[in-house]
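Next up: a single chain in structure tokens, the form predicted alone.
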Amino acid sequence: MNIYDSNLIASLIEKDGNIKAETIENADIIIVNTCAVREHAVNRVLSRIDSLKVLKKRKPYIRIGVTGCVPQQLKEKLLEEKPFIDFVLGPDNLRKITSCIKDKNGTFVKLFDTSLYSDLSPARGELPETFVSAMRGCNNFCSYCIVPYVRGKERSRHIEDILNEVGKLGKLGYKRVTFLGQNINNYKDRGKGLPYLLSEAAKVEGIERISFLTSHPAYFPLKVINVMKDEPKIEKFLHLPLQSGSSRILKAMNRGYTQEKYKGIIDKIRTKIEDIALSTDIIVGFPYETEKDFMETLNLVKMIDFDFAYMFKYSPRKYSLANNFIDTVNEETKRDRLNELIRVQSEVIKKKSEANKGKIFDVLITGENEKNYLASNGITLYNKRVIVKERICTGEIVKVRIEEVKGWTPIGTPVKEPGKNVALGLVPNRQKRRM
């Protein structure tokens, strides 16, 4: 979502007549778009902002702004402690960016019910994949999370606005779109939900792959799985955050489901799509988490066999309910539990990666491999990044047989299909480029 919002900002600034600077030293305007979901992210942002102080001292005329969730959370304090910042904007105030880069100083962090930016076409970056926002905000109020406080309540874009954006992307040459929402299960426009949106998006000419993030187990509509199964363009991949394997901790997190309900959802999904790829989010060291609670998480991870997991130590967030809980788990224990979880999940990923040897996948080529210009990067229908040992045009979909795995990355060669030619990419003159 931050990438998408950064592109929104870029589209507004460029529309106002500005151009992108090649380096930060050459820029007249510097904008730091931020995330506040974890303490570590906020600390990195503050450090990054501080690094701009010297540049501002050397070039007092430059405009420095901070946008996104950090100013929404810290508000005026950010400007008071870092006076070299000219303006701050929350996620619902991005339209003010054009006036702020000229001469408007101050704090603009009011949350609105209507800020969907549906009239903008923010796609930026290299073909062939990009993001499309289906909705903004969140109503869940998980006890550890500040997203509802910094991004406001849920609101969905009209389906025709989304499809219009997707249609433009298809004409521009984009092949893969990922729909975004803090809880995309709750997408609804005049009685039509996520299954309908996915089905309609699959009809858009030029778009070959469709994915969506992020699903909430408490509200997951199983009708989505039927659409994923029947529609070949929709990726057989689902991100379904677990957060904890302990029902007791899940209740304290205000997640709205139990360990048993989560397992039941996974079973129903795999009944429909046996080989579906699953990823998840997990927090360790949440207040009151005991060793028994942690072992329940560990055992569930082993049982489900996630294809990937984003794993974090708990950190208290200002404004969240859990910020008032007693942090009963010390930092050493949090670190040890996180390391053990990473070890277990890494073994699962390695096992699943090795199991792909000899299999053939339809791979969307996403670009030249940065380490070997005779190879290409690609992504499977199961959201797995692969290296293809041949230079193929970006945007092509080719069948690839996996021959080896390095680390967790599958490496394969194209399968020559009778009667089908693979579009080979131009190999750049590397000697000339070095000159």
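All residue numbers refer to positions in the sequence shown, first residue = 1. Please read these numbers as outputs of a predicted model, since none were measured by experiment.
A second form of this protein, the form predicted in complex with a small molecule, is not displayed here; the remarks below concern that form.
By the criterion of a heavy atom within 4.5 Å, residue 337 is excluded from the residues contacting the small molecule in the predicted bound form. The closest non-hydrogen atom of residue 46 lies beyond 4.5 Å of the small molecule in the predicted bound form.
The small molecule in the predicted bound form is approached by residue 241, whose closest heavy atom lies within 4.5 angstroms of it.
Residue contact with the small molecule in the predicted bound form: residue 312 places a heavy atom within 4.5 Å of it.
With the partner removed from view, the residue among 62, 31, 52, 37 that has a non-hydrogen atom within 4.5 Å of the small molecule in the predicted bound form turns out to be 37.
Contact with the small molecule in the predicted bound form, defined as a heavy atom within 4.5 Å, holds for exactly one of 87, 131, 144, 174, namely 144. Residue heavy atoms within 4.5 Å of the small molecule in the predicted bound form occur in exactly one stretch of 399-407, 63-71, 384-392, 37-45, and that stretch is 37-45.
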